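Presented as C-alpha cells, the chain that follows is alone, the form predicted alone.
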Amino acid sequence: MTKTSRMPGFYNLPIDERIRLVKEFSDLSEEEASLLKKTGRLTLDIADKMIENVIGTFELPFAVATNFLINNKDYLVPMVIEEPSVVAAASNAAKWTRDGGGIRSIASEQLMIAQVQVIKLGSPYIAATKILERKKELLDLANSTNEFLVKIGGGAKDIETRVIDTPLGKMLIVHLIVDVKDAMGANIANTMAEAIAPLIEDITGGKVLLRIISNLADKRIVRAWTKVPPTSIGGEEVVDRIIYAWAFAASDPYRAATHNKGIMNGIVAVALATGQDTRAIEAGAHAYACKDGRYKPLTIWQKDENGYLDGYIELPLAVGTVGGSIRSNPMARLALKILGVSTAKELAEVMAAVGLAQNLAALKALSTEGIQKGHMKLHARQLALAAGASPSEVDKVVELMLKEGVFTLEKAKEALSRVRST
C-alpha cells in the first residue's frame, strides 16, 4: 500500500494509535517506537558528554506534522516545540497545498563559508591579489585536514577575497568555500580556516586574527514554492486577504519581524527535533532577510492569472544529517528516520517547505478569524496543566474557560476548582 502523510483526525487519536501509525509509516522497529513512549531518553551520562556543567536534561513535546507532500513524496515531519497551534497549523496548511500538487523545494550545493580576517597590511588590495594567485596551494592545504571529505566529493572548493571598511581602517577578509556534504559543517570549515591561516600570513605579510565560519550561509540556499487553489483555503477573498497581509510585511520591518518569526516556528521546530544548531539557522535566516539593506519577509505571496495563490520562500539553511549531537542524541536519530531523509540537502528542502506552510497558515489565520481563536484553545490546555489539572481534567477545564472567554492562570484555577466540586 502506498504510504501517505494524509491522516485525517490524527490529532484526535490516542497517543498509542498515533505512535502505531508513525511506526508503520516510517518502518520503525519495536525498540525505536518504544523510545517515543519513554521519558528521560537522553540519559545524564550522554548529556554530560555533550555539553559542560550538566545537572539534568530538559524535555519538550515531540510531535509530527501530517499531510506534507514535498517533491511528490509524502512526509511525516517531526517537530519539537512548546508553542500551541504550530504543529496543527503546519498540518492544515500542508493539506491545502496538496490540492495544488504539494510543495516543490530545491536546495543548492552544501557550501559553507569560513572567514579569515587579515589585519596590519600595507595594501589589502595587493594582499588579496597575492592570495588569489596561490589559491590552489591554499585549497590543497585546507583539504589535507579532511581526506575523507575530499574522497566523497566534498572539501574546500574556492577562495574569495573581500576588502572591507571598518572603524579601524580597511581589512582583508578571505572566504574559504567548503562543500561539507551531509554535515552542518562548522567544525569542518573552522578546522580548514585554522590550517590555512599561517600560509595566509606568509603570503600577505599581515596578521591573521579571526578564523571562523559565517552563519550567513548564502551559498547554501533553499527555495520552496507552492500553488494553492482558492477553493482549498476559503475562496478568492481569502487569497486576496493573504496577499494583503504579506504586502504589510513586505513594507514594514515591524511586521516583517513577526512574519519571519512565524516561518521560523516551523523551521526551528524541525531543527530541534533533528538535532540541528537552531541559533545558526536563526542567525542566517534573519541576516538573509536584510540582504537588500532592509529587513524583509523571507516569503512572497502572489495571485496567478487563474486566481491561485502562489507562495515562495528563499533562505539559507545550514543543516546536517551526520555528526555532532545527531550521533549522540537518540531522539535526533529517530526523528531523521521518521522523516525519512538521509542527506542534508533533502532535510533542508523539507525544512523550507515547512516554513512556507507555517507562513501560509499564519497569514490565513491573521487575515480571517484572527490568530487567537485557535491559539487560545490550545493555550488554555497549558493553563489547565499549570493550574494542576490532571490529564483527565484538562478538557473539562478548557471547556469552562472557552465558555467564559477568559484565559488566565487564575481563571484556570477557578475552573479546576469547579470541575473538582462537581
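Just so it is clear, the model here is predicted, and its values are computed rather than measured. For every residue, the number given is its place in the sequence shown, counted from 1.
Keep in mind that the form predicted in complex with a small molecule is not shown, yet the notes after this line are about it.
* Report whether the minimum heavy atom distance between residue 262 and the small molecule in the predicted complex is within 4.5 Å. => Judged by the heavy-atom cut-off of 4.5 Å, residue 262 is in contact with the small molecule in the predicted complex.
* Asked: Does residue 384 make contact with the small molecule in the predicted complex, using a 4.5 Å heavy atom cut-off?
  -> No - in the predicted complex, heavy atoms of residue 384 and the small molecule never come within 4.5 Å of each other.
* To do: Determine whether any heavy atom of residue 158 comes within 4.5 Å of a heavy atom of the small molecule in the predicted complex, and answer yes or no.
  => Outside the cut-off, so no.
* Please check if residue 28 has a heavy atom lying within 4.5 Å of any heavy atom of the small molecule in the predicted complex. => The answer is no: residue 28 has no heavy atom within 4.5 Å of the small molecule.
* Choose one stretch from 252 to 260, 271 to 279, 187 to 195, 92 to 100: the one whose residues place a heavy atom within 4.5 angstroms of the small molecule in the predicted complex. => That would be 252 to 260.
* To do: Go through 314, 236, 83, 310 and name the one with a heavy atom inside 4.5 Å of the small molecule in the predicted complex.
  => Among 314, 236, 83, 310, a heavy atom within 4.5 Å of the small molecule in the predicted complex occurs only for 83.
* Tell me, which of 63, 366, 69, 389 has a heavy atom within 4.5 angstroms of the small molecule in the predicted complex? -> Checking each option against the small molecule in the predicted complex, the one that comes within 4.5 Å is 366.
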